[in-house]
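What follows is one chain in structure tokens, specifically the form predicted alone.
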Amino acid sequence: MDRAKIYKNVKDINEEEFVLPGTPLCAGCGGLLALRLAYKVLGQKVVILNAAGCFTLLSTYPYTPFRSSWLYTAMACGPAGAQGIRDALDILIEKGSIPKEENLKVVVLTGDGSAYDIGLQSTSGAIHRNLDFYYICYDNEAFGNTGFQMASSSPYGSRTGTTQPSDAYPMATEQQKKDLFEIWRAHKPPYMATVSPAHPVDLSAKFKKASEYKGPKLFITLAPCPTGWGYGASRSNRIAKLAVECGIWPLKEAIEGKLKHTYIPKFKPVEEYLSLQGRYDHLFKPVRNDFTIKKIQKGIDRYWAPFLKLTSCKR
């Protein structure tokens, strides 16, 4: 990767492909588009430790779409596997068994079910040890590959396979989404960011910037999911853009813990985003649930209020 490269527009994005087409993932998967873009910055010299999840389908022996190395781990131990690979590479290079030119970037690739829940313990340990690795979480806001069950990443008001709307729970999911970004930020890693497949220049610039830091580097990408979210595959990019423009998916980064938003949205009403997805149908029909829709909007307003006050931006 060219360290001097600056990403100002889509023409600056590498045209070379490192994730080839024809994978068995769902059509319109937003997470796959984000991974494809990330690879264009990371390049071919990477080894991916994939914690079990939707992306486990990507590389199924003897076929693979990758022009790089790929290993599977259980859901709970992606960062532990990354530690072993990183240590092995460092030892082999130090002994002269392999030249420095054959060094690889170590990348953990995981869904939100592992990142927010099952794998959080090993992740915390890896950050504490200052492991030099990239951690990419594709967040489709549920346990996607086993029936779209609720996870601690599932947002308030969404329907999942295990939180169906009912008379007792008309909002479906009553819990609020866990804030993985702030959990990581409390560990004070050198670099972390949220990204979106609908903002490729922002995504590319962040991966380039992360390469300048040694230690744990977090990327959480919104992963619009046609099958779980209930929309046509061609709408993934539109939904990803709306998530950013209504403010429910902030684009931000933190360097050594210092937070900065990399994009200030137009703040469209959140119902424009919600109404396009089947997982929120129960908020609009057969009777509109104004209480839940307003509560979701208030949560967005509450998040942005202190940042807009600091920057003198207005809603």
Partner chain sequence: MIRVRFHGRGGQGIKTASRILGTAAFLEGYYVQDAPLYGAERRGAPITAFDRISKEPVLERGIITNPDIIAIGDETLLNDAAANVFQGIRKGGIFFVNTHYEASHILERYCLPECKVIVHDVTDITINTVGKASVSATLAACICRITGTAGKEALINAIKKELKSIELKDETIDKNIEAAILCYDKMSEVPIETYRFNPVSGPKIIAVKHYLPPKGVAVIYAKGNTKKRKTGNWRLFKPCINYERCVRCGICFVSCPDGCISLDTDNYPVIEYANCKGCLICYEECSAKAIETKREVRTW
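Fair warning: this is a prediction, and the values are worked out from it, not measured in the lab. Residue numbers count along the first chain shown, from 1.
Same protein, other form: the form predicted together with the partner chain, not shown, and the subject of what follows.
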Please state whether every one of the three residues Ala172, Arg185 and Arg302 places a non-hydrogen atom within 4.5 angstroms of the partner chain in the predicted complex.
-> no
Within 4.5 Å of the partner chain in the predicted complex, counting heavy atoms only, one of 248-256, 286-294, 65-73, 263-271 shows up; tell me which.
-> 65-73
Using 4.5 Å between non-hydrogen atoms, is Thr110 touching the partner chain in the predicted complex?
-> no
Any of the heavy atoms of Lys105 lying within 4.5 Å of the partner chain in the predicted complex?
-> no
With a 4.5 Å heavy atom cut-off, would you call Ala233 a contact of the partner chain in the predicted complex?
-> yes
Should Pro200 be counted as a contact of the partner chain in the predicted complex, where contact means heavy atoms within 4.5 Å?
-> yes
Enumerate the residues of 237-264 that have a non-hydrogen atom within 4.5 Å of the partner chain in the predicted complex, in sequence order, or give none.
-> Asn237, Arg238, Lys241
